[in-house]
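Here we start with a single chain on its own, the form predicted alone, put down as C-alpha cells.
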C-alpha cells in the first residue's frame, strides 16, 4: 500500500469530526471536507471544502476521486437515516478507484459489546452498514476498511451528559450503586489520534475493528479527581467538596424502559448509562487495559484520571459543535 496523504472527511464539524480533522491537519495530511449543500457549518481556514449531494453517487464519486482515504464521522442521524448515505459513500469509494482505506462510522462500542437487549435493533442497523463496507471491500479488492471503537468519549461526555453522574456547574454527583464499576473511555484527543494512527499503520489495521482507550476508571475515582481539581487552594481545605447523591442502576433501567414504551428518545441515554455502571458486568470495558488495546499501535496516550477531569472542566467553556 502506498502512503496515505489525501484524506476526505465526512462529518468534520461534529463533536468527533472536529478533533479528528484537527489531528489529521496537525499530522500533515491533505484534508478535503465533504459537506452537504444545506450545511451552515464553518471549518478551519485553509482546508478544502466540497459541497456535495450525499444522495448522488455521481457527485460523491467525483468528490472522492484522487483521495487516498475516507473518514466517516457522521452524526447518527446522517449516518443511519433512511437515505442510506453510508452505503452510497462506499459505492462512490469503489467507483472513484483511488481510495485505499475507509474508516467506517463507529466511534462507539463496536461489534463486540454485550449491550442490553433494547439496543439490538440499533446495533443491527449499524452492522448492516459495516457489513456492506466489508462486502464491497472483499468483492472489489479496491479498498480496505477499519472501524474505530473508542467507547465512552469521556471528557466530552462528562461535560455534556450530567446523567453520567457529574453535574459540573453545581459540583453535584450522583453515584450509582457503589460507584465502583469500571468502564473505558477515549478522550477527544485520543479519538483524533486514533484516526491518524490507523492511516499511519494501514497494514496492521486493515479490515478489522481497532479498540482504543485513554483511561479505565469508575465513578469513585472520577469523584476524587473532580474534588481535587476544584478544591479551594486559598483556604488550604476542600472548600468546594462535591455534593454527593445516590441512585441505582435499577432506577436507570426502569426509567429508560418506561421512556422507550412511551416513545421518548431519551431512553437511549438512560440505558447506555445503566449498562455502563451495572455492577459486575464490565459491559463497557473495551479492553482490560491500555496495553491490551490497540492504543499503543495507534499512538493514543494513556491519560491519568486527573488529566481527563481537567479536560472535562475545560470543555465547560468550549463550544460544542455538531450532534453526535
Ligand SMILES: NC(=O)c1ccc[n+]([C@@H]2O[C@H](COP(=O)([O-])OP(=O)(O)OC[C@H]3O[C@@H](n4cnc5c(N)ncnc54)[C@H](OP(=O)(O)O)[C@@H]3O)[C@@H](O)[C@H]2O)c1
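Positions refer to the first chain, counted from 1. These numbers were taken from a predicted model, which means no experiment stands behind them.
The discussion below concerns the form predicted in complex with this ligand, not included here.
Stretch-level contact check against this ligand in the predicted bound form with heavy atoms at 4.5 Å: of 91 to 99, 132 to 140, 170 to 178, 104 to 112, the positive one is 104 to 112.
In the predicted bound form, at least one heavy atom of residue 54 sits within 4.5 Å of this ligand. Although the partner is absent from this view, residue 74 contacts this ligand in the predicted bound form, with a non-hydrogen atom inside 4.5 angstroms.
Taking the partner from elsewhere, residue 190 is found to have every heavy atom lying beyond 4.5 Å of this ligand in the predicted bound form. This ligand in the predicted bound form comes within 4.5 Å of a heavy atom belonging to residue 126.
Taking a 4.5 Å heavy atom cutoff to this ligand in the predicted bound form, the contact residue among 147, 197, 165, 153 is 153. Of the candidates 41, 61, 30, 281, 41 is the one whose heavy atoms come within 4.5 Å of this ligand in the predicted bound form; the others do not.
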